[in-house]
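Just one chain is shown here, as structure tokens, and it is the form predicted on its own.
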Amino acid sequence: MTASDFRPGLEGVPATQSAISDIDGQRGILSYRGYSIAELAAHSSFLETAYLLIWGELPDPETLRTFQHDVQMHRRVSFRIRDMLKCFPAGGHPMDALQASAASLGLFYANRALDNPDYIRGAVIRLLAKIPTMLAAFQLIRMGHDPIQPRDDLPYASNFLYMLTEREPDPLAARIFDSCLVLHAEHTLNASTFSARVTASTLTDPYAVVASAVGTLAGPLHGGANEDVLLMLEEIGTVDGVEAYLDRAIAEKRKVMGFGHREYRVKDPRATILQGLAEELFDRFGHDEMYDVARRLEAVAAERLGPKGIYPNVDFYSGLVYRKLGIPTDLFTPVFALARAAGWLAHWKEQLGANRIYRPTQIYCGAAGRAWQPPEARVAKNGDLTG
């Protein structure tokens, strides 16, 4: 194997076979288990979509009711987890709190039985049920409030917004948030999903799998971009400032946040759907002037960057939607994780079905044939050693 075989970031290198989701980057098509993302976002619910991703088929009505009920009945978390969250620094990032709390579930459900379908189902239900509760609890705790208990009578999306804001959400807001969760639930072998599969291949518990994926998603090159989009729009300030900002960014070879995707050469289909959801929210709850800036930026970027295949990705409009829903900016990526847990668990289950531990090779490019010398004989080089 030579340096010519090396692909930075494993770009284009197949690392697994999967039947969970598929992307056609040239035509801008994303599907889950063969179902169009646009159709699922319009007609399905997050829990139904999660079931589809994890078990491969849409559930019949009775199976769906049972699944929804079981998730509802497992939303509460141990007082010890709440006490742990209270010990976290209020200024800590919610992604770090989510990673730690997801990992902590492994302490409470340590009986690993990866060949037992009942164990797998129970782990799926616990993670889907408790991640929203832990995330909302941390948000209230860092604001100086006690967390509130989940409500068994509220659907998944409504319950999370209720626990986060301490008031029952408008039905339209809840429906749109649920659609957002569907859109973010899965996206083939992205960085965090690859992390999940590598961790799963060691046959550790699913809580460690999700925690490792959360840690990977926290990076600004993966899940953190939706926060940066809003910061960018605020920096631009007005529609009139768009062209100068974009020209300056291109001249300085700076990344324009929310644009470009390794898989898509057209507009991300999720961005198209999110733009429509944003407009629904603005029509009902009031306009956001930053949306005008975003639309102008997309139009100008189509002229400047479109020929290079650089168009809006999922992060470009999602922050505007989340902000209108009352979600704090630094919770955008944790909410992404809340949704993507469904995809991570689907890949965890699929990995278990035909497991082989990941052990890629490398191309060594370091020194060779060196002889050890005692400290007094060594010469300082490049400031690495002291003489």
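Keep in mind that this is a model prediction, so the values were computed, not measured. From 1 onward, residues are counted along the sequence shown.
Although it is not shown, the form predicted together with a small molecule is what the next lines describe.
Q: Would you check whether the small molecule, in the predicted complex, lies within 4.5 angstroms of a non-hydrogen atom from each of G258, L305 and V314?
A: All three within 4.5 Å in the predicted complex.
Q: Out of R254, R167, K86, H145, which one falls within 4.5 Å of the small molecule in the predicted complex, going by heavy atoms?
A: Contact residue from the list: R254.
Q: Quick check on this chain: which one of V198, A100, V239, I310 has a heavy atom within 4.5 Å of the small molecule in the predicted complex?
A: So the residue touching the small molecule in the predicted complex, by this definition, is I310.
Q: Does P206 make contact with the small molecule in the predicted complex, using a 4.5 Å heavy atom cut-off?
A: It does not: once the small molecule is placed as it appears in the predicted complex, P206 has no heavy atom within 4.5 Å of it.
Q: Given that the partner is absent here, does R76 sit within 4.5 Å of the small molecule in the predicted complex, heavy atoms only?
A: No, no contact at 4.5 Å.
Q: With a 4.5 Å heavy atom cut-off, would you call R151 a contact of the small molecule in the predicted complex?
A: No, R151 sits far enough from the small molecule in the predicted complex that none of its heavy atoms falls within 4.5 Å.
Q: Is there a non-hydrogen atom of P220 within 4.5 angstroms of a non-hydrogen atom of the small molecule in the predicted complex?
A: Yes, P220 lies within 4.5 Å of the small molecule in the predicted complex.
Q: Heavy atoms within 4.5 Å of the small molecule in the predicted complex: which stretch in 159 to 167, 92 to 100, 109 to 117, 220 to 228 meets that?
A: Only one stretch qualifies here: 220 to 228.
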